[in-house]
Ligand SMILES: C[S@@+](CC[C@H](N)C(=O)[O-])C[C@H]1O[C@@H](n2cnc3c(N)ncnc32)[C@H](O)[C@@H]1O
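Only one chain is included here, represented as structure tokens and corresponding to the form predicted alone.
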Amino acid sequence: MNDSARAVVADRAPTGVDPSKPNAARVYNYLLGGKDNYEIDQRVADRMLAVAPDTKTTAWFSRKFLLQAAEDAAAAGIQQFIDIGAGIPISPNVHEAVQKVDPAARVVMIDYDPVVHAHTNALLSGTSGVASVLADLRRTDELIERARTVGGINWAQPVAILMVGVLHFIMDDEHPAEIVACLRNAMAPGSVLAFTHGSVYTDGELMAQMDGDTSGTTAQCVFRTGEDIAAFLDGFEEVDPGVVPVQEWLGDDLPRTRLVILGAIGRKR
């Protein structure tokens, strides 16, 4: 990564609590009914809900996708899990889902926000098979190494990498496809990548509202096309039903929402 790209990473990484600017982890926490958020996060979320009241439903669909993908990977025999952009812990969490299937499963929770990292350490300290790692996805080589040295991940064995609500916070000039490719190259055959991403099929008024509220903050996101999102699966075997709204991963007859989040799972060949 060149010096200018490193400057972008540094500028967009949170350095502590700033109650004057929305934070993606705290907004998501509020939408899920959590209490680890501030008034600015609540105002941003409430304006989203004013345009699209079903956004809370979308948040829970995304959470269910995360847990289901983790459970399915555990049922398939994977014992190592990396939850990138893990956010503020809220139950049920990934470790609860996978250790229900396999008590020996190991979960590494990674976030680039030092406040989120502190929350995770406080809430999950001493929990068997769980490690919290402070690392930035955009510094991918460093994240991979810290997952090994701090998190105890053995990259020679299959791993499930979970990135729910993360990649749309990576701007185009931060090269998200290269980030995913770097992770893919580190993963052993039989590994799984599961992710969600905000799509351009989202209601236009809602996209405009979110852009206006988050521009220039760490909560700023990029809505991408289905084709762009599917390209993140290059080098993976796409798992059915493919790159589709998260509802389609969870069951029949779930309602459409104005915030359209696509989910995808790929298996490393």
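Here the structure is a predicted model, which means the values were calculated and not measured. The first residue of the sequence shown is number 1, and the count goes up from there.
The discussion below concerns the form predicted in complex with the ligand, not included here.
*Asks:* Between the ligand and Arg63, Val116 and Asp136, in the predicted bound form, does every residue show a non-hydrogen atom at 4.5 Å or closer?
*Replies:* Affirmative, all three are within 4.5 Å.
*Asks:* Which pick from Val180, Val166, Ala194, Ile153 sits with a heavy atom within 4.5 Å of the ligand in the predicted bound form?
*Replies:* Looking at the other structure, the residue within range turns out to be Val166.
*Asks:* With the ligand left out of view, which of Ala74, Ile170, Val108, Val159 would have a heavy atom within 4.5 Å of it in the predicted bound form?
*Replies:* Contact check passes for Ile170.
*Asks:* Quick check on Ala86: any heavy atom within 4.5 Å of the ligand in the predicted bound form?
*Replies:* Contact check for Ala86: yes, within 4.5 Å of the ligand in the predicted bound form.
*Asks:* Wondering, does Ala25 line up within 4.5 Å of the ligand in the predicted bound form on heavy atoms?
*Replies:* Ala25 belongs to the contact set for the ligand.
*Asks:* With the ligand left out here, work out from 128-136, 74-82, 96-104, 180-188 which stretch has heavy atoms within 4.5 Å of it in the predicted bound form.
*Replies:* Contact-bearing stretch, as computed: 128-136.
*Asks:* For the stretch 145-161, I need every residue with any heavy atom inside 4.5 Å of the ligand in the predicted bound form, listed N to C.
*Replies:* The stretch does not touch the partner at all.
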